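First, one chain by itself in structure tokens, the form predicted alone.
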């Protein structure tokens, strides 16, 4: 019975660490939607490109790992700004379905470009962080780092949005777009900065995922649907709600996988998500 309890505790702790990854993935997407009110369906593909940027920086160009990681964040931040400037900005006044279709088109475009540019072979940076042994439990150091980074990202984003002038302008324009130009705030500039921040957070997630997963053009399909469901379950655009939803979702996956099978853990999490959408379609902390 004691061994059973240890393994169950290990599943719970690993669920918490997995929640850190999901929370970090959802953070940038929620920031962009909360301010610009546009869902980046292609968000996970930006993460994929960030992983490739880290791989080429470290394995092809021979840069130190820390420099390759910084390069990955910077590349995706620039891509986020370019995505807004040339794709999102022209359709800001369009219907939401048109915005979704446009970003969905970018998703397939980026996948095709990555396939042509990088090939379909799986790539790996050749670094695997060890397992941390705590008694009879084995925990992923990479997931532990992701959890701490996600927590730091949430705190840092909260402080930025509440303590800085630019953060205050971002919060204000997310609440009332019409009146802010009358107060001297340029919405286009704020949207561009927000998109770069969202891209930077996607790049940060890429830096952590590249330590755990092989890189290939379709890897965005692994993270994209789950990230979107976490954001919706927490309340699309609500960063705190997304943070909470990530850990709830992760516990269903991890503990459900412990009692049954990891695939059943995902099935249980998806069923819970569907039930939540019937009970509270606006999400945990979302407004109607």
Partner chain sequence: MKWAALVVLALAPLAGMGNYPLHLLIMCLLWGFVYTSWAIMGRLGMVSLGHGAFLGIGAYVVVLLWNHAGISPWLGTPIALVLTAVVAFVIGYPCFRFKIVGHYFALVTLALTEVARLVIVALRDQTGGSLGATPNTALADSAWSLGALQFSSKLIWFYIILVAWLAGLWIWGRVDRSMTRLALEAISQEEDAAASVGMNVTRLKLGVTLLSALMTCFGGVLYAQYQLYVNPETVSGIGISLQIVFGAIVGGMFVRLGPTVGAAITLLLAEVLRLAIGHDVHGLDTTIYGLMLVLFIIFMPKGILGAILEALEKRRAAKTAAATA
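Residue numbers count along the first chain shown, from 1. Please read these numbers as outputs of a predicted model, since none were measured by experiment.
We do not show the form predicted in complex with the partner chain, though everything after this point is about it.
- Annotated contacts: 37, 87 and 267 all touch the partner chain in the model of the complex [non-hydrogen atom within 4.5 angstroms].
- Of the candidate stretches 66-74, 49-57, 238-246, 217-225, only 217-225 has residues with heavy atoms within 4.5 Å of the partner chain in the model of the complex.
- Scanning 122, 108, 160, 138 against the partner chain in the model of the complex with a 4.5 Å heavy atom cut-off leaves one residue, 108.
- In the model of the complex, the partner chain lies farther than 4.5 Å from every heavy atom of residue 130.
- At least one heavy atom of residue 100 is located within 4.5 Å of the partner chain in the model of the complex.
- Contact check for residue 12: no non-hydrogen atom falls within 4.5 Å of the partner chain in the model of the complex.
- The closest heavy atom approach of residue 145 to the partner chain in the model of the complex falls outside 4.5 Å.
- In the model of the complex, the partner chain lies within 4.5 angstroms of at least one heavy atom of each of the following residues of 110-145: 112, 113, 115, 116, 120, in sequence order.
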